[in-house]
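The data below hold one chain only, encoded as structure tokens and taken in the form predicted alone.
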Amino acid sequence: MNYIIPLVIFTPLMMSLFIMSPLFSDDEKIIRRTAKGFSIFHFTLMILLTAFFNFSQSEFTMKTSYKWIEVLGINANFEFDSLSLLLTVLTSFIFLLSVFISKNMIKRSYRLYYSLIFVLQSAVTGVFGAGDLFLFFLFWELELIPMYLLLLKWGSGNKQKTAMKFLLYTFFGSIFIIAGFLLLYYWNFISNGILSSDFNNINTIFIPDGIKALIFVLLFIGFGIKLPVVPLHSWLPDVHTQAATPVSIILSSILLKMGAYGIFRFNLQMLETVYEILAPFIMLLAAISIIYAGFCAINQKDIKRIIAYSGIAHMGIFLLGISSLNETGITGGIFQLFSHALISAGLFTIAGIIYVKCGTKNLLKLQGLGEKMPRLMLISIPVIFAGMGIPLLAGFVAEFLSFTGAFLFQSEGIINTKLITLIALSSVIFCSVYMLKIFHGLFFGEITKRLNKISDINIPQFAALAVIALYLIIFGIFPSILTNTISIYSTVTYNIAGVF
């Protein structure tokens, strides 16, 4: 089984090289079918791996290690635990979905496009599967290259400025991350006498408190840009507005989760004593993100910008939940990663279909589409309602657990975390407003003459949205499919004994 994790990580990269090789066909159909076939293979592989993984033991991991720079204690260590494996399965599913919906949305340079998509998949999967600080950072940086090129070549509008903004923000965050890693690596050696960047060999107990706090802040800023949190968020709405729909889906559903994973793996797991002290302040920052993003979303006219600000608010709920430091909140926070990934994938798919068929994303120019697109209207209902947090859908479970855990947080400091949670809870109202704004703005009212001849979505598009809707319903009615595993993982990994 030692080869499984590298196989999962590097097969998309190998497929990328195969597609770009001179021997590969330039025929559009062959390129698309090859990309779809590989994506199905990869997702099937992840499902089989998940079936054989022992989720009942939270400390169970799959590990593979190869020698790399031994003199510095740096090795190619790959590791899957419950969280990283689940996120890798989610990654494989979202990339599969993006490849399938690319057919009607990508119209040129097919070989380069799918090649970059698979390089990006390898990079993201590598982040979740890395067990070494510098290997993690290598994959983290690798993600920049294909994402920048995807934005630059297949974006719309002022795509050069948007791609550069994404690159500069992410690279700026990477400076903080590598600084934090170097300090962690150095002080781990000074304090423990171990020259190693292996996650399992890093012990922060004997590192001075001031140094730990500095490392915590550096890493939180770096990962917070990717998450993103206010005020480090301004790159996201612009990027989503200009990006091609499949790229927006990957960005919102997966790349934001890289920031969340970093906060879990390093700030919460390795530096938990610092997190315990700063938790009330992080909850305040999360509440600010939730409320601010909600106000901004309400005032947007562009569908994709509304969805982008919605993502910032949902990641704020994630941050609020995990900062509760109890089983309920952390379980809700992790659940939020999965529910938001599905919701945003569905919403951006809807927005992309509307843009292709109507030529605009401006809600003021779109109305009455329910008359011409009844299938799209029908399948949009569970996706939009899940985004609102309606019961029996996955969004409700994630928000309920996150807010409940945050309210149960016991704080003795100057910050009233219960009041912060109640204020953040008002975001439910904002969320309902901007989600219904999308629903009513698209499907109700009198249709304009310009849109009188548009057609409804085809069967493949309906099927893609139906799969997302089905997952949202299943996880909403049977949340224990995820919560049982997440609860065991969060309780032992983060050494908590909270309420659930």
Partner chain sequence: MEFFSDNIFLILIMPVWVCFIIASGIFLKLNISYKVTLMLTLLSSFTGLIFSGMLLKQNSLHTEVIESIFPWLSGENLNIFLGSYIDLTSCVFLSILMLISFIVQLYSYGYMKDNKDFNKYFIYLNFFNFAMTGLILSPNLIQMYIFWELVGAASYILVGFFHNDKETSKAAKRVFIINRIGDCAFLAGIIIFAYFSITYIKQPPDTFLAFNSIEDFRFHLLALTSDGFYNLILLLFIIAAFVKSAQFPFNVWLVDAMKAPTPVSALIHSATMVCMGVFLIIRIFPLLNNTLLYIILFAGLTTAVLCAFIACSRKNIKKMLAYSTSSQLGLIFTALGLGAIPAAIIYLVIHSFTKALLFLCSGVISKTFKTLDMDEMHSLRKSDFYLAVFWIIAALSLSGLFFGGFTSKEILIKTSSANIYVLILIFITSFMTAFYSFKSYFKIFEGEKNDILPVKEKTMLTALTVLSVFVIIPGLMFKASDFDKYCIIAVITGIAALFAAYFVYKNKKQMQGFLYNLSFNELYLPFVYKKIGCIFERVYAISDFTDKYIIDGFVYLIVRINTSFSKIISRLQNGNIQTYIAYSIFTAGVIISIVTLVYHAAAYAKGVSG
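Numbering follows the first chain given and starts at 1. The structure displayed is predicted, hence computed values, not measured ones.
Omitted here: the form predicted in complex with the partner chain. The next part is about that form.
Novice: Just to be sure I understand the contacts: of 221, 408, 278, 284, which is the one whose heavy atoms reach within 4.5 angstroms of the partner chain in the predicted bound form?
Specialist: Answer to the contact question: 408.
Novice: Which residue, 238, 302, 198, 79, is the contact with the partner chain in the predicted bound form, using a 4.5 Å heavy atom cutoff?
Specialist: Selected residue: 238.
Novice: Can you tell me which of 366 to 374, 313 to 321, 121 to 129, 212 to 220 lies within 4.5 Å of the partner chain in the predicted bound form, counting heavy atoms only?
Specialist: So the stretch in question is 366 to 374.
Novice: Even though the partner chain is not shown here, does it sit in the predicted bound form so that 298, 429 and 477 each have a heavy atom within 4.5 Å?
Specialist: Yes, because 298, 429 and 477 each have a heavy atom that approaches the partner chain to within 4.5 Å in the predicted bound form.
Novice: Is it the case that residue 462, even though its partner is missing from this view, gets within 4.5 Å of the partner chain in the predicted bound form, heavy atoms only?
Specialist: Close contact exists here: in the predicted bound form, residue 462 approaches the partner chain to within 4.5 Å, heavy atoms only.
Novice: Give a yes/no on whether residue 443 approaches the partner chain to within 4.5 Å in the predicted bound form, heavy atoms considered.
Specialist: Judged by the heavy-atom cut-off of 4.5 Å, residue 443 is in contact with the partner chain in the predicted bound form.
Novice: Are any of the heavy atoms in residue 146 no more than 4.5 Å from a heavy atom of the partner chain in the predicted bound form?
Specialist: No, residue 146 sits far enough from the partner chain in the predicted bound form that none of its heavy atoms falls within 4.5 Å.
Novice: Contact with the partner chain in the predicted bound form for residue 95, defined as at least one heavy atom pair within 4.5 Å: yes or no?
Specialist: Judged by the heavy-atom cut-off of 4.5 Å, residue 95 is well away from the partner chain in the predicted bound form.
Novice: Need the contact residues for 390 to 409: heavy atom within 4.5 Å of the partner chain in the predicted bound form, sequence order, or none if there are none.
Specialist: If the 4.5 Å heavy-atom criterion is applied to the partner chain in the predicted bound form, 390 to 409 yields 390, 391, 392, 396, 397, 400, 401, 403, 404, 407, 408.
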